[in-house]
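The data below hold one chain only, encoded as structure tokens and taken in the form predicted alone.
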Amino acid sequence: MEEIRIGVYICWCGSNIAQLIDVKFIAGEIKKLENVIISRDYKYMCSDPGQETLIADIKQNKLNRIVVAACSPRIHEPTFRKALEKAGLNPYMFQMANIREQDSWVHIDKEYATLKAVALVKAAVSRVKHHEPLNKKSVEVNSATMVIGGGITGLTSALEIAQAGKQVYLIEKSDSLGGITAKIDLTYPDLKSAGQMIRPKISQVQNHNLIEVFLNTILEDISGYVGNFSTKVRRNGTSEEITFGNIIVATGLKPFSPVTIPEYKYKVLPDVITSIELEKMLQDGTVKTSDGSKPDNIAIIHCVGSRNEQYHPYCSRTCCSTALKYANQLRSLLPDAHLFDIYADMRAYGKGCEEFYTNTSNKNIMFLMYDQKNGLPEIRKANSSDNAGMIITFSEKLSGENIEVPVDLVILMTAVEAHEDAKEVARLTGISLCGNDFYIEKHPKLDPVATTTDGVYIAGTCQGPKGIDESIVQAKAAAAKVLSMIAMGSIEIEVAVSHVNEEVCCGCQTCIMVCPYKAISFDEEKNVSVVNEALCKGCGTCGSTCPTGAIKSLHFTDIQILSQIEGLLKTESETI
């Protein structure tokens, strides 16, 4: 049997770990353990010099197992596995101990945090002794792509992929392309025509021979795995099956309906309208009240349904800059009107938007501030003596006064929210939702358009509120990820998956019922369960519920997990 030779590396992570944890003490303690040949501390193990040190040690000292104590494995486990491969060592002969998120970031006592780090590293050392090499597997990639959503994001992704010579299936549930962007008059902060931007894209998509557009279409089912998906789509009463290798979800968001906010009297007072309704007026070239007259006093109210725990706690991000856009458009159309911008906080983020705010404030527009914690502005019908159609009453935060604003027209800057079918799309595509029903990316910085389901990407506002420019950037990023996979021709799949011992399997099919990835099927002839390794994510749910112990989770075997627990408990008993 090969001698076990372990190398252990304690990362400082700059000061993230070293500020609270004595990394040199840990390295010294771990060096005393059996089978540990090298125990080092290093400022940044993930850096190129850090990885080169690791590679050199493996080669020079014939190390066959590696432990790195650093940050979350979600961030840099792939980095260190690649380093092992470069050194000629199987990447699964590696274990990572998280002493940043699970230790230095959650404690204030340096001595205790250091002892805890020692325990975590000893547990990793105990576990890695039982690691086994796993061999890579790959699957061929179908070069077609399905894009869900026909707004600016979906159109951009589809064109990027099709212009690279690859087939695209564009699925849109409505009867037209363009999404919300097609309903906008001008964009901010440059006040350029949205139509001149979106209409050419729609035309290019509709006329591209490699893009098949499905309007009024519903996804019935999606099956398969990265590189080899298939779906049934229903349109015009008929069902059709298409196959593809990757999915881009670009379903966008929808405007919040302010009917549920009693203070604003939407649908009660006819001259209280939403931002989308104002856009239609602006596209028609006239802004008027319900009786057809020109409004002399106009108010724009921000944060309608957003930044409010009763409705939506998040900021919709684009509302403030869009409100500034309206103020400019209304000033141009109605130069003599009194304009009131009633905001909670002015969040004009993005390139050129703060300057846009400054320029707008110089156009004879009255900016008034309210605090949602002190109540929302309340709209009521005016009396005959008020010389206006409505009165808005609220506590003005900057002056500290309770004020009344006479208005003829009120524009509500409504929040954006997830579509009603967001959960169904998430279920079909195998992606996750946050508490606000936005789709969750794999990592907000390192992999912002990927998801935890290989081959499924998200882009645009379905991931969270954002502007047109950011949506287009994400659309191109998702398309680039897809094209890079197609260019490779095949894709490596996870090998830390479940395996069924057919001699022990009793055929109860419990594993099939609990598998969240639909990765297990039943072989009627053999009367055993079978794992599709391309679909399996190694979550271990099947193994934990198997009554006969027939299912083994590779890289998370019983002996590996129990050894890790024993290493941890042994350290704690030594400390007591």
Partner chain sequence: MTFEPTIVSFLCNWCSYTGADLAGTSRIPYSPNLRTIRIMCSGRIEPTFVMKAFREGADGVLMCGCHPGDCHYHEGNYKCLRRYHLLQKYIVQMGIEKERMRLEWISASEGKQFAALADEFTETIKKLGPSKIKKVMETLT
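Positions refer to the first chain, counted from 1. Between two forms, the rigid core is defined as the largest C-alpha subset superposing within 1.5 Å. Source: prediction; values computed, not measured.
Absent from the display: the form predicted together with its partner chain. The rest refers to it.
Enquirer: With heavy atoms only and a cut-off of 4.5 Å, decide whether Thr541 touches its partner chain in the predicted bound form.
Expert: The answer is yes: Thr541 has a heavy atom within 4.5 Å of its partner chain.
Enquirer: Does at least one non-hydrogen atom of Val531 fall within 4.5 angstroms of its partner chain in the predicted bound form?
Expert: Val531: no contact with its partner chain in the predicted bound form.
Enquirer: With heavy atoms only and a cut-off of 4.5 Å, decide whether Trp105 touches its partner chain in the predicted bound form.
Expert: It does: once its partner chain is placed as it appears in the predicted bound form, Trp105 has a heavy atom within 4.5 Å of it.
Enquirer: Would you please decide whether Phe25 lies within 4.5 angstroms of its partner chain in the predicted bound form, comparing each non-hydrogen atom pair?
Expert: So Phe25 does not count as contacting its partner chain.
Enquirer: Counting only non-hydrogen atoms, which stretch in 134 to 142, 117 to 125, 261 to 269, 241 to 249 is within 4.5 Å of its partner chain in the predicted bound form?
Expert: In the other structure, the partner sits against 117 to 125.
Enquirer: Of the residues Arg74, Arg235, Lys232, His130, which one places a heavy atom within 4.5 Å of its partner chain in the predicted bound form?
Expert: None of the other options qualify; the answer is Arg74.
Enquirer: Could you spot which one of Gln167, Ser257, Ser290, Ser432 gets a heavy atom to within 4.5 Å of its partner chain in the predicted bound form?
Expert: For this set of options, the contacting one is Ser432.
Enquirer: Would its partner chain in the predicted bound form be within 4.5 angstroms of a non-hydrogen atom of every residue among Ile202, Asn209 and Asp421?
Expert: Per the other structure, none of Ile202, Asn209 and Asp421 touch its partner chain.
Enquirer: Is any part of 552 to 567 within 4.5 angstroms of its partner chain in the predicted bound form by a non-hydrogen atom, and which residues would that be?
Expert: Heavy-atom contacts to its partner chain in the predicted bound form: Ser553, Phe556, Thr557, Asp558, Ile561, Leu562, Gln564, Ile565, Glu566.
Enquirer: On a rigid core superposition, would His107 pass a 2 Å threshold for CA movement between the shown form and the other one?
Expert: Yes, the C-alpha position differs by at least 2 Å between the shown form and the other one.
Enquirer: Has the Cα of Gln95 moved 2 Å or more between the shown form and the other one, judged after a core fit?
Expert: For Gln95, whose C-alpha is compared between the shown form and the other one after core superposition, the shift is 2 Å or more.
Enquirer: Answer yes if the Cα of Pro73 shifts by 2 angstroms or more between the shown form and the other one on a rigid-core superposition, and no otherwise.
Expert: It does, since the Pro73 C-alpha is displaced 2 Å or more between the shown form and the other one after the core fit.
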